[in-house]
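First, one chain by itself in structure tokens, the form predicted on its own.
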Amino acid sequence: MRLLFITFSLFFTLISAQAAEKPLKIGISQEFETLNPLIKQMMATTYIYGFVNRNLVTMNEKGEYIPMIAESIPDFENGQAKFITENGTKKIKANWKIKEEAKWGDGTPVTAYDVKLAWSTALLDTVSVGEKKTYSQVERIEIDPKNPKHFSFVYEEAMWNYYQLGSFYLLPAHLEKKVVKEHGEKVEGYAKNTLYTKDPTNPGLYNGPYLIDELKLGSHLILKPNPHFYGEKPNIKTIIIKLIQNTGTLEANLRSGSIDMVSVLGMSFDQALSFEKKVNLMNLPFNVNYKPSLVYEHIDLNMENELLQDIKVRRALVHAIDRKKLTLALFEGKQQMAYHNVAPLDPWYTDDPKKIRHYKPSKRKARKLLEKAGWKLKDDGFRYKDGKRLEFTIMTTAGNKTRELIQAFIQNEWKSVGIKLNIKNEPARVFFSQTVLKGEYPHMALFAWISAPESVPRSSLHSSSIPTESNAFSGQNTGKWNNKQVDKIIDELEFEFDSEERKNMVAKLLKIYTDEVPVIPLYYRSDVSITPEGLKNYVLTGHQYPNSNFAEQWTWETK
């Protein structure tokens, strides 16, 4: 009997080992633009980054900030943060400790010098960073001369969100310091010469549970466990991330076995709904995962364009779209129409018509506004003023089936009120790393913003975040909205420690946002992914910090 038990134990051990050895092939619809964490802009890059790197802190699926490479998050209760006054200015000083066992993939210890290099590099005028304030809020870094894993951040001013450093990325000083020194003074010089571009499989660039073993642009990435990872050793020994840009072909690849799962950057919501019905009907070995998220699908408007500077035209554009009909047609009404950039899961959300402007679908109102703006309907069905047709171009990620359907829907809606809409799409890598990054779309860009709860929208709404050549295209206010009232609210919001007063301030911001229409809100997205049966400990987060941050916890019980 004991022999039989041992035999079964060995059998199941062998099966588990085989499961761990089987590669997990993940389909993704967007190609990353760069693996350098400081200058990345795309969610696709953030997703890949989660497998191979760790920051000081991140946010879990419950919306809680938790330490990663840091031992703990400094706060006033644990005594690691305190108010100080220097030259009459109230500031915060926070003491941080990097985990003793934390190392880069080549065995070099992670230290405060890696933190300091990232900080100083991000502040260079020649380096494009999505949100400079993440780094500039730190006035100086004091490193313990006795232990380089211990350091202090002295924040330039006392801001309530000082601990929200999930986007404060580290750079391996032993590798990247030389590159910054040689190329950092030239605009885009560092971006072009970073080892993340020149030598992306160098293990010393990564400190997460996985390392990049192989990279082929336009095709795939192969990830292998990092032998120097400080945390739990990954259960899955090989992860292959395959690029499949046409979202319509993801299902075929899944059912053929070319991929085992589809990431959150894969199937659209409508595709997932359709596929789930097939899973249930045909008993297919997959799980379809949904989670309401803080993703906001919208159309950015180029506010420097003469046609779009007329608020009557912008308001007419929104009134002319029946957004509830759009969500019903594409998502069976299971994704909520958006009023503005703050999602319902966020404590700052409001849909109170007393606090924000609502735009009910009304072709009559749209036509009336366009007439007031001087755009007259001609025999060809389109509107003209001063001999010029009212015509726009909308751009988005090529191959994204849902966005292409949205473009077609809006094209028909606007045509019915006399507006011509042209469609011009680009591969995601080009669209985000060039067109959106530099605000080069002539009229409109259709894409999504993703944030975290109670995230101050400095990078996307503040005028200082308008990307220009002079700031190396830093910032994500690509629509170039410049509103002094909004700037003032954002500036004050960061220093308001009372949570209720912050909500009131955000409500004022949202009133201006919905009045001015710098963006056409469409809907709030849910995260969706497809996973194989047997993949355990896989949880969608629903915010800007992806579940790949917890990939070492995934287990896969294959048959």
Partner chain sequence: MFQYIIKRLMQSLLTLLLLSFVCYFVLTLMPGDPVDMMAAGNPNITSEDMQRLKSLYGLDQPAYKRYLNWMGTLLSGDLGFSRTYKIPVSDILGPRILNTFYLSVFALVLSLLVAVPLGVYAAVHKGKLTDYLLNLFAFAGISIPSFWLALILILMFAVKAGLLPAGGTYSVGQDLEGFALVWDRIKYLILPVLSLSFMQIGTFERYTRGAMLEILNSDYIRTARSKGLEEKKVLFKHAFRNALIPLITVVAISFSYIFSGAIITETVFAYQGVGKSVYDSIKSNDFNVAMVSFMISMIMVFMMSLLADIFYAVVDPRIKY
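Note that this is a predicted model, so its numbers are computed, not measured. Numbering follows the first chain given and starts at 1. Think of the rigid core as the biggest set of C-alphas that the two forms share within 1.5 Å after superposition.
If you look for the form predicted together with the partner chain, you will not find it shown, but the lines that follow are about it.
Student: Assess the spot marked by 78, 82 and 174: is the partner chain within 4.5 Å of a heavy atom from every one of these residues in the predicted bound form?
Tutor: Zero of three within 4.5 Å in the predicted bound form.
Student: Heavy atom within 4.5 Å of the partner chain in the predicted bound form: which of 264, 313, 390, 129?
Tutor: Checking each option against the partner chain in the predicted bound form, the one that comes within 4.5 Å is 129.
Student: Under a 4.5 angstroms heavy atom criterion, identify the one residue in 480, 242, 319, 403 near the partner chain in the predicted bound form.
Tutor: Spelling it out, the residue with a heavy atom inside the cut-off is 242.
Student: Would residue 26 count as a contact of the partner chain in the predicted bound form, using a 4.5 angstroms cut-off between non-hydrogen atoms?
Tutor: No, residue 26 stays farther than 4.5 Å from the partner chain in the predicted bound form.
Student: Is there any non-hydrogen atom of residue 429 lying within 4.5 Å of the partner chain in the predicted bound form?
Tutor: It does: once the partner chain is placed as it appears in the predicted bound form, residue 429 has a heavy atom within 4.5 Å of it.
Student: Heavy atoms within 4.5 Å of the partner chain in the predicted bound form: does residue 51 have any?
Tutor: Flag for residue 51 set to no.
Student: I'd like to check something about residue 252: if you look in the predicted bound form, is any of its heavy atoms closer than or equal to 4.5 Å to a heavy atom of the partner chain?
Tutor: Output for residue 252 is yes: heavy atoms within 4.5 Å of the partner chain.
Student: When the partner chain is placed as it is in the predicted bound form, which of 376 to 384, 113 to 121, 347 to 355, 234 to 242 ends up with heavy atoms within 4.5 Å of it?
Tutor: Partner-contacting stretch among the options: 234 to 242.
Student: Is any part of 33 to 68 within 4.5 angstroms of the partner chain in the predicted bound form by a non-hydrogen atom, and which residues would that be?
Tutor: In sequence order, 33, 34, 39, 41, 42 come within 4.5 Å of the partner.
Student: Once everything's superposed on the core, is residue 289 shifted 2 Å or more at the Cα between this form and the one not shown?
Tutor: No, the C-alpha position differs by under 2 Å between this form and the one not shown.
Student: At a 2 Å cut-off on C-alpha positions, does residue 450 qualify as shifted between this form and the one not shown after fitting the rigid core?
Tutor: For residue 450, whose C-alpha is compared between this form and the one not shown after core superposition, the shift is 2 Å or more.
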